[in-house]
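What follows is one chain in structure tokens, specifically the form predicted on its own.
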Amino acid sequence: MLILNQQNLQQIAKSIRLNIIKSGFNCKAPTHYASSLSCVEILTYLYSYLIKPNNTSTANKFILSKGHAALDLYSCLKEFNYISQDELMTYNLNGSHISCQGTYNPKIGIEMSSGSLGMGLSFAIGKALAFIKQHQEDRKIYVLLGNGECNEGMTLEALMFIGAHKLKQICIIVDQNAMQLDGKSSTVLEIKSWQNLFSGFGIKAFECEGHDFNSLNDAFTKAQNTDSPCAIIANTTKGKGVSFMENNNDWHHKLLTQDQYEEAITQLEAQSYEL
């Protein structure tokens, strides 16, 4: 198991959250703040240890299936020096390649254009089959899904295929913030047992706390040592880090006022390394 530099990881996560608020506010348009804030630690861990975007034939791949969290991905790419601060601040502005949903750009490791939910796992299947044909079976494809996205029929078909063909190259990560566009997931279309959902398809599942790096490290270590398809259910808080956004579905897609922006920045800057 990796020995984590907790202080460094927490500082990266804090910087990513600040970038989410700053670049989202700069575009002067409604933005998916809460969905982006919920998966910050997940991407921080992935890009610290498992994902190195490049065009080589040996790299692991990351697929953001929940495309409305693209601002988290772009903010993460900035922290790891794959895009510049100036590029990030063009988020969702006319003419920018930093769009409101993830747009295909292999030079910075964005493997597919996303936004229409349910497509990421099917895309990952194609990648995994290509790896097998290229005799690169040990490469991993990490796919981040929203918990509401797991209600999609296309997602369930992909899970069936992954399990049936034992595609061990695929590691599914569920950002389980218990909310989706229409409200609490428990009242929209509840999944009563995540373990049963995945194990029924022959996919080994591990649960963790999605804002705790030790818990994430434990889950990803188990996943890496599993010779089968696997899933990590990361329990998170929608809007994590900004008090008026946390567990408030109004912030699924909303415009920040000047006062709200200043309050969010003040809160994030005041946070210690323990979120």
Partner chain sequence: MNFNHQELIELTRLGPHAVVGKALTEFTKPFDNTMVVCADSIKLTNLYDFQEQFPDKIVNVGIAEQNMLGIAAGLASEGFNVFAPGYASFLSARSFEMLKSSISYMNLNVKVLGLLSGFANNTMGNTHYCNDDLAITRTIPNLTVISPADGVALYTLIEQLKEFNGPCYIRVTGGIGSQLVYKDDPKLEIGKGKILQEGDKIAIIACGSMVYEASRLCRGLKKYNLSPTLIDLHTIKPLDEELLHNICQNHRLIVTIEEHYVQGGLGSAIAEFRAKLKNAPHQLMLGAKNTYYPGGTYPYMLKVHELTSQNFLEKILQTIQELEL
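Positions refer to the first chain, counted from 1. These numbers were taken from a predicted model, which means no experiment stands behind them.
As for the form predicted in complex with the partner chain, it is not shown, yet the points below apply to it.
Selected contact from Y142, Y82, F198, F131, since only one has a non-hydrogen atom within 4.5 angstroms of the partner chain in the predicted bound form: None of the other options qualify; the answer is F131.
L77, M119, A205, I98 - the one with a heavy atom within 4.5 Å of the partner chain in the predicted bound form: If I apply the 4.5 Å criterion carefully, the residue I get is M119.
Region of this chain that lies against the partner chain in the predicted bound form, out of 84-92, 149-157, 184-192, 171-179 [heavy atom, 4.5 Å]: In the other structure, the partner sits against 149-157.
Contact flag, H211 vs the partner chain in the predicted bound form, heavy atom cut 4.5 Å: Looking in the predicted bound form, residue contacts with the partner chain do not include H211, since no heavy atom lies within 4.5 Å.
K61: touches the partner chain in the predicted bound form, heavy atom cutoff 4.5 angstroms: So K61 counts as contacting the partner chain.
Stretch 180-216 - residues with a heavy atom within 4.5 Å of the partner chain in the predicted bound form: Contacting residues: none.
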